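Below you'll find only one chain, the form predicted on its own, shown as structure tokens.
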Amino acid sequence: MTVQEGGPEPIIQARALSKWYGQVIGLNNFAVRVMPGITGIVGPNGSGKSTFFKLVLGLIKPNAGSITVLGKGPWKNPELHSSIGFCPDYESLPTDSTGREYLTLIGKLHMMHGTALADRINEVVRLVEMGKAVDRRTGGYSKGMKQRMKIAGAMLHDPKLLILDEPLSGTDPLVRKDIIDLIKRLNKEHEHDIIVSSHVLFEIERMTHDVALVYRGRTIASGDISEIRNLIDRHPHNIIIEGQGTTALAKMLLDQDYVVSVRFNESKDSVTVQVSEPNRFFDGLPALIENAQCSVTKMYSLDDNLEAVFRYLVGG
């Protein structure tokens, strides 16, 4: 992501950044410049995305190189932490508590109390459209509801920067669309700068064109997605869809000219779809699901396919 002279300052600047854990390399000579707006960090599992986020959050110290976040060094800088909200990719909600109790706990950790905290909780649950469920125990939430509540917790203290680690993981296509729309609103209407990660490039493209591709601890490409999209589209993209009624959905998918193949996996409730034009596939999928009266419980991209794409981009 390039910056013009006299333009806005980067939110994050990493130069020659390296972090290793014993013999395991998390990041290796990593470099990225993140500008205001929404930025996607894309890479397969184990590529270094989580290590990068930990460095941004000041949870670990780099072994080499430098990183600044909002113009400051994140290591041992608790003041900076109040300007960052983090939504982790792992389950972090206390299952025996209600959504409101969870948000109250988060607010108190940020020194928020009384009427101001109660009002802010009501505000964020409206923003993430969880008002009807906020007083239910989170253990009964669906995956999409859990993701919304985690985002609410991340933005409760109104941080400048929101970091959302795999917020679409494990959600069905309709929920994904809602969360994507929410992320775009948080940036456009509420002026949060947002970094969102995924191992599915085409999900990120629906939110932003500013992308950094991370592979084996390095940034292999960054900038406007249109500059690298054509390279990636040359590789067939594999998506697994799981749920009830997938047979009817599979028949409809076979009629689409952007679908290369559809095959059932070991379970008849799971199909692998290979597509040549992923953007058309993701755009058209919600209508196909509705027409097929299919209930999708899970959808994800195969990491080995993304690995193949990234190997291509780095020349082998």
Partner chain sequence: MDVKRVLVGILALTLHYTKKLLFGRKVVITILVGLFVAAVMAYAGSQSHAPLEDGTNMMDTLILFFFMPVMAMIFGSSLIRDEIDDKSITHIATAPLDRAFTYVGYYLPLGIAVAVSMVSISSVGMLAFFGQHGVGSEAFEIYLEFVALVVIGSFVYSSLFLAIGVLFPKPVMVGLFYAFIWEGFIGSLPGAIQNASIKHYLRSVGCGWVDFGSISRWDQASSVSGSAAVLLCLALFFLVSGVYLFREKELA
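These numbers were taken from a predicted model, which means no experiment stands behind them. In this text, the rigid core denotes the largest set of C-alpha atoms whose superposition between the two forms falls within 1.5 Å. Positions refer to the first chain, counted from 1.
The following text describes the form predicted together with the partner chain, which does not appear among the structures shown.
Q: With a 4.5 Å heavy atom cut-off, would you call residue 280 a contact of the partner chain in the predicted complex?
A: Contact check for residue 280: no, nothing within 4.5 Å of the partner chain in the predicted complex.
Q: Quick check on residue 101: any heavy atom within 4.5 Å of the partner chain in the predicted complex?
A: Residue 101 belongs to the contact set for the partner chain.
Q: Is it the case that residue 76, even though its partner is missing from this view, gets within 4.5 Å of the partner chain in the predicted complex, heavy atoms only?
A: Contact with the partner chain, yes.
Q: Residue-level question: is residue 60 within 4.5 Å of the partner chain in the predicted complex, judged on heavy atoms?
A: Because a heavy atom of residue 60 falls inside 4.5 Å of the partner chain in the predicted complex, the answer is yes.
Q: 97, 122, 244, 142: which sits within 4.5 Å of the partner chain in the predicted complex by any heavy atom?
A: Selected option: 97.
Q: Considering 224, 91, 158, 129, which brings a non-hydrogen atom within 4.5 Å of the partner chain in the predicted complex?
A: Comparing distances to the partner chain in the predicted complex, the residue within 4.5 Å is 91.
Q: Should the three residues 146, 264 and 296 be counted as contacting the partner chain in the predicted complex, with contact defined as a heavy atom within 4.5 Å for each?
A: Spot residues vs the partner chain: no contact at all.
Q: Heavy atoms within 4.5 Å of the partner chain in the predicted complex: which stretch among 50 to 58, 255 to 263, 285 to 293, 268 to 276?
A: Stretch 50 to 58 is the one.
Q: Which residues within 100 to 117 place at least one heavy atom within 4.5 Å of the partner chain in the predicted complex?
A: Residues within 4.5 Å: 101, 102, 105, 106, 108, 109, 110, 111.
Q: Superposing on the rigid core, is the CA of residue 94 displaced by 2 Å or more between this form and the one not shown?
A: It does shift by 2 Å or more.
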